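Only one chain is included here, represented as structure tokens and corresponding to the form predicted alone.
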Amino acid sequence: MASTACFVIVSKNDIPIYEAEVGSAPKKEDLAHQHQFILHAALDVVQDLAWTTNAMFLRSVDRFSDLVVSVYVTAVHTRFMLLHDSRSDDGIKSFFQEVHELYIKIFLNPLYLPGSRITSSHFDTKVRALARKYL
């Protein structure tokens, strides 16, 4: 069974700094735009929830058809958003935690400007490997 998964990292200024289609379903251009739209529409819900809880993993915050938006919010309010059609909360939480560790390594790089687009091919490869492992 092919799974749909779209992963986005959004800065605290609501600017996407990393995007990846990480599902095993065939890639289609129009679906990619729909996935981006669904994720960006969920930002308001995420912002409201982030201020009402101390938890970093917000589980599923929005739903569109059979797709679910799960979110992980870092201490500096960077949002990791995953649009998916699976129900493995433990796998999704583990995915977010390991991507957070990768993000911290990028963030601590003195050549990285916080809030700028993440273009590292190493980061992309690692995120996709984690997606295959956990999602």
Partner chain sequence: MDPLRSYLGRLLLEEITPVVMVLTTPLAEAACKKSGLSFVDMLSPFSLFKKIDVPVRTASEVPYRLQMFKIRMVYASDVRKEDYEVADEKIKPVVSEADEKALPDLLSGPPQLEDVLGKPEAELCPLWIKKFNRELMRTLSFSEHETFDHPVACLLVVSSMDKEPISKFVDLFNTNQLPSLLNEGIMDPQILKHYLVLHDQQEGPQDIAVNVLAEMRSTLGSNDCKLLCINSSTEADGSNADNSWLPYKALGLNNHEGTCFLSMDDLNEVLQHLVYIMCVPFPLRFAGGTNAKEGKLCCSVIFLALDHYSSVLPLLIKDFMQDFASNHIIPYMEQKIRVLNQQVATTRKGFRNQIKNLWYTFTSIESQIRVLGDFAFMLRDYELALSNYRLLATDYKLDKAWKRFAGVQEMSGLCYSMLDQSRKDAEYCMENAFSTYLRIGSSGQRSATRCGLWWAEMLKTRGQYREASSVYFRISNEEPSLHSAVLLEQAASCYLLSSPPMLRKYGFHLILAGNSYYMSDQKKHAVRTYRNALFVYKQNPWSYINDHVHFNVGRWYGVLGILDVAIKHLLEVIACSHQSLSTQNMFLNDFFHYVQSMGKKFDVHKLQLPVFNMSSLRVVHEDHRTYASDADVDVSESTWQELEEELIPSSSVVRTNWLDTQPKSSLRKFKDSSVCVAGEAVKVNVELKNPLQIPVDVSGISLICQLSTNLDALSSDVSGLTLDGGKDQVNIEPSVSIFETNADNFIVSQLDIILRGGESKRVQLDVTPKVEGVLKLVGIRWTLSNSVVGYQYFEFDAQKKNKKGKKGRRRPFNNNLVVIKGLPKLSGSIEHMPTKAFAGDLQLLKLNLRNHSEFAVKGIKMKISNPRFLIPGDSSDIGLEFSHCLKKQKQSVVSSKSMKENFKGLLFVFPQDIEIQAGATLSWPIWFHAATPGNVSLYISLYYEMENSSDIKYRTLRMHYSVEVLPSLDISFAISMSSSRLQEYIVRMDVVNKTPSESFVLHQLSCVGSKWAISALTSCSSISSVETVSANQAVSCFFKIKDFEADSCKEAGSGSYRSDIALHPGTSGDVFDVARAPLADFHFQERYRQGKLAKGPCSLLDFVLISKAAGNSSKPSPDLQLLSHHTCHCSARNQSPVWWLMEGPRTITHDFSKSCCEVSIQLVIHNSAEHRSSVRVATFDAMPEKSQTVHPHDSTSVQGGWYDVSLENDIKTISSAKSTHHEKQYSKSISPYVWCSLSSAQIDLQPDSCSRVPLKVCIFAPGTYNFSNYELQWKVHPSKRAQVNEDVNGPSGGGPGHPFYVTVLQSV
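Bear in mind that the values here come from a model prediction, so they are computed numbers and not experimental data. Residue numbers count along the first chain shown, from 1.
One more form of this protein, predicted in complex with the partner chain, exists but is not displayed; see below.
Residues of just one listed stretch (101-109, 70-78, 40-48, 88-96) have heavy atoms within 4.5 Å of the partner chain in the predicted complex: 40-48.
Contact annotation for Ala5: none of its heavy atoms lies within 4.5 Å of the partner chain in the predicted complex.
In the predicted complex, Asp124 stays away from the partner chain, with no heavy atom inside 4.5 Å. Phe64 belongs to the set of residues with a heavy atom inside 4.5 Å of the partner chain in the predicted complex.
At the 4.5 Å threshold, heavy atoms of Ile15 reach the partner chain in the predicted complex.
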